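Given next, in C-alpha cells, is a single chain: the form predicted alone.
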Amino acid sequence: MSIRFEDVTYVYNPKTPEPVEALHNISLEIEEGSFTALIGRTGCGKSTLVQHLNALLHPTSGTVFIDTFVNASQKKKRDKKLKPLREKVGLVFQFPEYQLFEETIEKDVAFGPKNFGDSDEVALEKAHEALQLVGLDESFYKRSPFEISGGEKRRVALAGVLAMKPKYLVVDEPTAGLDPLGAKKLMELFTKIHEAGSTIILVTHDMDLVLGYCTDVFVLDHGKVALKGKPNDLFGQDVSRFSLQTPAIFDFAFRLEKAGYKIDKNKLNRVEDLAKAIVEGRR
C-alpha cells in the first residue's frame, strides 16, 4: 500500500476574481515504509499537499489515494467516513505545542484516543505508552503542559498524535524554533518511529535534515513536482535554482573536491560519513 496523488490540482478561492492555484497536476507516490521529505521554497505548495492526506482539503481536480481511502474532487467518489483515515494519518503542524489545552499532560495526550472512541482506561494506557516513546516518563503525567520547556511541549504534542498509532506520520517543520541539540533529539525520535514501522513524511526547509535522515525526496516548485529521487542524488547537483541550500556536508565535500580530494558523495549523510570519506580520499 502507499499514498498516491493522481493529477491533483488545488485552487484557493475558486470562482472568485483572484483564484490562487497552489497545486498543479501533481502526480507522485509515497511508498509505505519510506522516510520521505517534501521540500521547496516558501509558497511552493508543500503544506497544501499534506493537508490532502487526511482530507482537511479536497482536490479541486484529481484524486488522492491513501491506501484504499479515496480523497477525490468529486463528492460522489470520496470516502465519506473520515475517522479511519484520521486514525491512519497523523498530522503534526508547525509549533504543535500551541494546541495543548488540557490541565495535565496525560489528559492532553489521551484526548485523541478518547475522541476516537476509546475508554478512559484504554486512552490513558495509550497516552502513557506514547509519552514513554517520546522520552517523557511518569513524572510528567500529572504535570501541566504549560509548565514545561518548549522542547518538552513539542514532545507532548507529538505524543498526542502517536497515541492514535498512525500508520503515516506527517510532520511540518518539526524542528522550527528548537536549538541544534533539541532538533537532533527530535529527529532521532522520528527515526525510531520510522524503524518501528511508520511511514514518515517530513516537510522542512532544513536540507541537513533531509540528507541525514530521509530515504526519498520530492522537490516542489510553483505547485508542481520539479524533482524526485534520493537525497544524495539531489544534492549532488545545483539546487539553488529551487531556492534550496546545499547541506553543509555536501558543500564542504564540493570544496574538498576542488582542492583535489576524491569524495564519494553517494555515501555522505552524516558528519561521520564525511570524515571517513576524507580519510579514504587521502589514501
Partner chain sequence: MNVVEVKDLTYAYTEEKIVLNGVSFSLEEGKYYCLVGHNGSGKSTLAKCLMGLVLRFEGSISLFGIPLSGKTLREIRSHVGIVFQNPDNQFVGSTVADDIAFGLENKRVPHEQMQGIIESFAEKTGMIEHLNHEPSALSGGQKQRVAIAGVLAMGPDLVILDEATSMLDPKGKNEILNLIHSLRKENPKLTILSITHDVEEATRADEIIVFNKGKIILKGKPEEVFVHREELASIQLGLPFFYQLRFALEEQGMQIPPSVKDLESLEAYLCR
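Just so you know, these numbers come straight off a predicted model, no measurement behind them. For the two forms, the rigid core is made up of the largest set of C-alpha atoms that agree within 1.5 Å on superposition. Numbering follows the first chain given and starts at 1.
Omitted from view is the form predicted in complex with its partner chain, to which the following refers.
Student: Name the stretch, out of 37-45, 65-73, 52-60, 223-231, where some heavy atom lies within 4.5 Å of its partner chain in the model of the complex.
Tutor: That would be stretch 37-45.
Student: Identify which of N115, S119, Q99, S149 has a heavy atom within 4.5 Å of its partner chain in the model of the complex; exactly one of them does.
Tutor: Of the candidates N115, S119, Q99, S149, S149 is the one lying within 4.5 Å of its partner chain in the model of the complex.
Student: Have a look at H205, K192, K107, K165 for me and say which one sits with a heavy atom within 4.5 Å of its partner chain in the model of the complex.
Tutor: So the residue touching its partner chain in the model of the complex, by this definition, is H205.
Student: Report whether the minimum heavy atom distance between P180 and its partner chain in the model of the complex is within 4.5 Å.
Tutor: Yes, P180 lies within 4.5 Å of its partner chain in the model of the complex.
Student: Hey, in the model of the complex, is T215 touching its partner chain, heavy atoms inside 4.5 Å?
Tutor: Looking in the model of the complex, residue contacts with its partner chain do not include T215, since no heavy atom lies within 4.5 Å.
Student: Tell me, yes or no, whether I278 is in contact with its partner chain in the model of the complex, where a contact means a heavy atom of each within 4.5 Å.
Tutor: Although its partner chain is absent here, I278 would touch it in the model of the complex, with heavy atoms inside 4.5 Å.
Student: Although its partner chain is absent from this view, report whether F111 comes within 4.5 Å of it in the model of the complex, heavy atoms only.
Tutor: Contact check for F111: no, nothing within 4.5 Å of its partner chain in the model of the complex.
Student: Go through 206-244 residue by residue and record those having a heavy atom within 4.5 Å of its partner chain in the model of the complex; state none if no residue qualifies.
Tutor: Residues within 4.5 Å: M207, S240, S243, L244.
Student: Would you say whether Q94 is displaced between this form and the one not shown, judging by a C-alpha shift of 2 Å or more on the superposed rigid core?
Tutor: After core superposition, the C-alpha of Q94 moves 2 Å or more between this form and the one not shown.
Student: So with the core overlaid, does the Cα of H194 end up 2 Å or more away between this form and the one not shown?
Tutor: Where the cores coincide, H194 shows only a C-alpha shift between this form and the one not shown that is less than 2 Å.
Student: Would one find the Cα atoms of L189 and S149 closer or farther in the model of the complex than in this form, where their distance changes by 3 Å or more?
Tutor: Note: Cα gap between L189 and S149 widens in the model of the complex.
Student: With a C-alpha distance change of 3 Å or more, do E195 and E97 lie closer or farther in the model of the complex?
Tutor: Farther apart, which means the C-alphas of E195 and E97 are at least 3 Å more distant in the model of the complex.
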